[in-house]
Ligand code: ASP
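Read the single chain below, which is given as structure tokens and is the form predicted alone.
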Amino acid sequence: MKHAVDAKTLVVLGTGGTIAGQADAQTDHVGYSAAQIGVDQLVESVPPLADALDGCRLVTEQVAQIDSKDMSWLVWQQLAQRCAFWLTDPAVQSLVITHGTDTLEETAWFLQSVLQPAKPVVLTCAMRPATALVPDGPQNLLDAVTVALDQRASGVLAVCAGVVHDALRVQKIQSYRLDAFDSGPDGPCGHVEQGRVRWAGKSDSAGHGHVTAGLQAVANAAEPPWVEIVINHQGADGRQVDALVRAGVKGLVAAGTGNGSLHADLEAALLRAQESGVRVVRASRCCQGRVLPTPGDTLPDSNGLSPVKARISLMLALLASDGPADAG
């Protein structure tokens, strides 16, 4: 930790990721090692942060140091508890979390679902390591602090390449480009321009109709309920579903084609799973748009969530209740 807490405080929590990565060559943007630089060093590498803070005290804490592709339930538990700790401090205005891009959208939705914070919790990241000739992490961190201190900010947000996304909509859609995230057809909720936030529409991620476990249930669970994603495709059949059911899976998210459509054989297996007591939710593998329910649907839809976010909501629903629960 870098400073003692005082009035008007912003906390930066580090978890690793590309933003903290290092490569042997400045031109290497893919052959790097993630999570090599501590959050203190990241903050110190952005001198303009002092002006952006505008007198607000800065506190840093290293919660984890991992490549986000390796994000685990244990790290999620620790991160949620540290966020909750700081959010309850009346001196703390907001949080910024440095995170890898690969699972950022999942962590954002997990934190929003579990904490539903009124104060802003802003995740930021980088597509280039800190050792790049022109790294994007410092600007992203500066922009995240700008958003976190904006009086109109609330809930869990993500900031990358000057674009502000909310936890509900954000998706990584690009494997290499600096502007790697998208908010679908509704668009982002804002942009950072010359040190100021220009807000657009912002969806209500707080409730969204989800049955969700609270922080205590998450903290007490040694591991989450087992929920897997199965994908519809040409020739999809039910063997994978049947095998998962036999192995004890508790929930299944079907990433359907188009409007959540499923091969007849896969759908039959999912219906068998549902009848056996496995929770099943139907999403779409399309990166834009959502499943629009129709009368007589036999499998519940994800209420607009992508497959990976529907999986998180289903895990939390299973944690929250032993009775029927809806991940959508």
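The structure presented is a predicted model; accordingly, all values stated were derived computationally and were not measured. Throughout, we count residues from 1 along the sequence that is shown.
Heads up, the form predicted together with this ligand isn't pictured, but that's what we're talking about next.
S.K.: Evaluate Asp102 for contact with this ligand in the predicted bound form, applying a 4.5 angstroms cut-off between non-hydrogen atoms, and reply yes or no.
M.R.: Because a heavy atom of Asp102 falls inside 4.5 Å of this ligand in the predicted bound form, the answer is yes.
S.K.: Within 4.5 Å, heavy atoms only: does Ser68 come near this ligand in the predicted bound form?
M.R.: Yes, Ser68 is a contact residue.
S.K.: Wondering, does Thr18 line up within 4.5 Å of this ligand in the predicted bound form on heavy atoms?
M.R.: Taking the distances in the predicted bound form, the answer for Thr18 is yes, it comes within 4.5 Å of this ligand.
S.K.: When the contact criterion is heavy atoms within 4.5 Å, does Val121 count as touching this ligand in the predicted bound form?
M.R.: Answer no; every heavy atom of Val121 is more than 4.5 Å from this ligand in the predicted bound form.
S.K.: Would you kindly say which of Ala254, Ala126, Val96, Ala108 lies with a heavy atom within 4.5 Å of this ligand in the predicted bound form?
M.R.: When this ligand is considered in the predicted bound form, the option within 4.5 Å is Ala126.
S.K.: Pick from 126-134, 78-86, 226-234, 147-155: which stretch has non-hydrogen atoms within 4.5 Å of this ligand in the predicted bound form?
M.R.: That would be stretch 126-134.
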